[in-house]
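The chain below stands alone, shown as structure tokens; this is the form predicted alone.
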């Protein structure tokens, strides 16, 4: 995949990030869209402003967790669908400064990001259930009807969005990415142009007022072996909500690691979300999940962040990535056997190492019964599939020489059945 070469290449060099959904909705402990899903009137919902007082908020603690988990950047929800703003905005009184806490949590987070070397990206919802000029006619993530006294006007609302985007991209230092959410019905390329003018090198996603730079599959792993366009997949540690939820159904670590392995081996970025509690702390369960995944991620990072080479291999349980003379086998699904055959690769590697524990594996170049009409392929054996059942297995193969040309030629010969005796 081609890079941009204009300051946006940080995106291809920093592949794993933390998503953070935090706002008034955390008070309910149910879901970040609680106002919409439970049809709470605006007059009732706004009373939560007087209750929001995250006295235990410590952005340094968040960033230490991100570092320990192997994450390179963070995406913070500045304004979700409820319209409440988590920064000191001059465009509406519906913001963090009007709460009992009364501090600019975004400014505090930006400072902590710089301290720990974490790149700051911002989330901003296109729908707004609070602003009087926003459109709410029961469309995608819109209220079923306008709030009393609202005056829907898309031009005025876009002007409001531009002024807020200017604040966000002017007052908090370097902003590396902008994550719009819920594509609006209108297109206005001037908004993204404004972001790029204020923050050269910013990466902008595909859910806003223009096409943007990259795609954002959510809670799913796309089929295929490679992405044709820059991609950042997003998933949360919990199945029920992105914001804080009491009694959340947390995903298993293995499920999340397999998702990360597949997405990143396809060449995509991956952001994993946590929802802080109303006091500002990240739930212990969520924190533990991130730390455990981070231990695995650090061991296998060279493999899943290497260039995708799965186009040379067609297998449902594992994928290939390559870095120079090293080829990695990334098992994003559970292996059914203790051995795998890498058809059509017929070059003997110098070594086969299981990155999960550093174990040297048995590797041969041979014709197996299942491939009896072929020339010899790489056959890796003795994989401890039943001992390492809690994490995706990743194998490093090192060769004396390896190139795309060699892989392409082997793949082409196999497709043309030139290996058949």
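Numbering follows the first chain given and starts at 1. What you see is a predicted model; the values in this text were computed from it and never measured.
Unshown form predicted in complex with a small molecule; subsequent notes refer to it.
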### Task
Report whether the minimum heavy atom distance between residue 326 and the small molecule in the predicted bound form is within 4.5 Å.
no
### Query
Does any heavy atom of residue 234 come within 4.5 Å of a heavy atom of the small molecule in the predicted bound form?
yes
#### Entry: Touches the small molecule in the predicted bound form: residue 196 (any heavy atom, 4.5 Å)
no
### Message
Please tell me whether any heavy atom belonging to residue 182 falls inside 4.5 Å of a heavy atom of the small molecule, as the geometry stands in the predicted bound form.
### Response
yes
### Message
Using a 4.5 Å heavy atom cut-off, which of 390-398, 32-40, 377-385, 353-361 contacts the small molecule in the predicted bound form?
### Response
32-40
### Query
Quick one: of 279, 218, 285, 239, which gets a non-hydrogen atom within 4.5 angstroms of the small molecule in the predicted bound form?
218
### Query
Looking at 19, 11, 22, 16, which is the one with a non-hydrogen atom within 4.5 Å of the small molecule in the predicted bound form?
19
